[in-house]
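As a starting point, one isolated chain is supplied in structure tokens, in the form predicted on its own.
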Amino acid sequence: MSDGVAAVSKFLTWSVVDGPGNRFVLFLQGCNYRCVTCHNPHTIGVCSDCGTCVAVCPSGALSRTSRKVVHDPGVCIACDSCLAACPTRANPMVRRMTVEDVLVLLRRNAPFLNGLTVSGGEATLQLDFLIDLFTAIRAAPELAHLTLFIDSNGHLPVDGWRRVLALTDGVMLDIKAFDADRHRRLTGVDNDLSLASARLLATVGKLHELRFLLIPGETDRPEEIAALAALARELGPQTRLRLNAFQQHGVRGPAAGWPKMPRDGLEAAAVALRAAGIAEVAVPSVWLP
């Protein structure tokens, strides 16, 4: 979607876990990864208007009109039955938002905000909208204090990054795995673009944070931790690492039965990374039981 309009899965008027300070977060619909461990799988696909969700909606918030699924937020009870039923991992509650729609919300909340983070799904799949939005914010004096961040898996060619780098203050980049076969098995795609993105963003000073999800038996292996440390050293001493722990909440498919990442395993990885010379290694401050 383009022409100043985005498919938005949801938005948060404030968040303290999606970048520095208090942030407005825009979650765009659609992803070029198919991560088996995704805890927001309903942001992956695009609605095919099959109507499966209409049949399970208890409030009548979903209907089909002219072969299109239509969502009425006025009667929606946010039970998420539609998300669980969707065969394409899509969100029938997606809203079409213009740049001006987002600006109105930002102006309303601006006194309480430090910035905007555009996430997903995968934010860069709607790159034209992202550029239009950031350009409009830069031109608005009342929003000049907001920092503009992108949360991305990095699956974007260099030419795409060059279009947006001058507009963004930083990118929070996810590396899913280093072993190529493991990455394909976990995400469905190769990791060459993500690794290239990390190097490019670090070179131009736009890599705010490198994020890595620890999955027991998969990405917590010593060779994965060693590869993460090697990349962080290559990117430079300013590199921030954030380790996240795999949890089953929201996960669909076989990975929903995988074990959670234990706290001691996460802390052991952090210790190993610091011992390898990585100064900034963050771990979750709140632990889900």
Partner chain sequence: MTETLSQLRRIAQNPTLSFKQKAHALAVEAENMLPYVLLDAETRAALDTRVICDMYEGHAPYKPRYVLPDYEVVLRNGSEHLELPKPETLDEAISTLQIAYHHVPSVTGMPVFIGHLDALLLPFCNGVSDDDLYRKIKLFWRYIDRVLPDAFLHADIGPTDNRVARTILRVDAELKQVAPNLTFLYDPEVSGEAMLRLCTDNIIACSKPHIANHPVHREVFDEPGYAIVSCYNALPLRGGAATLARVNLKKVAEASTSEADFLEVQLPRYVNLNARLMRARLDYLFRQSGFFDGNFLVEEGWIDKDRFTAMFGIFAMAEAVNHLQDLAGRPGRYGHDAAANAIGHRISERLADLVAHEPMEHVWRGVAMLHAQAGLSSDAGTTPGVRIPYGSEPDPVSHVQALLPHHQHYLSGVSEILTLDETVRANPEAVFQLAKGALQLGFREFTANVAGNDLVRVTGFMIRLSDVKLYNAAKGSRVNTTALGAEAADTVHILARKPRVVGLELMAGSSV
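Owing to the predicted nature of the structure, the values given are computational and were not obtained by experimental measurement. Positions refer to the first chain, counted from 1.
What comes next is about the form predicted together with its partner chain, which does not appear here.
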Query raised in the report: Tell me which of 193-201, 82-90, 208-216, 108-116 has residues with heavy atoms within 4.5 angstroms of its partner chain in the predicted bound form?
Result: 108-116
Query raised in the report: Going by a heavy atom distance of 4.5 Å, is A279 a contact of its partner chain in the predicted bound form?
Result: no
Query raised in the report: Heavy atom to heavy atom, is V16 within 4.5 Å of its partner chain in the predicted bound form?
Result: yes
**Report entry** Exercise: P20 in contact with its partner chain in the predicted bound form, heavy atom 4.5 Å
**Finding:** yes
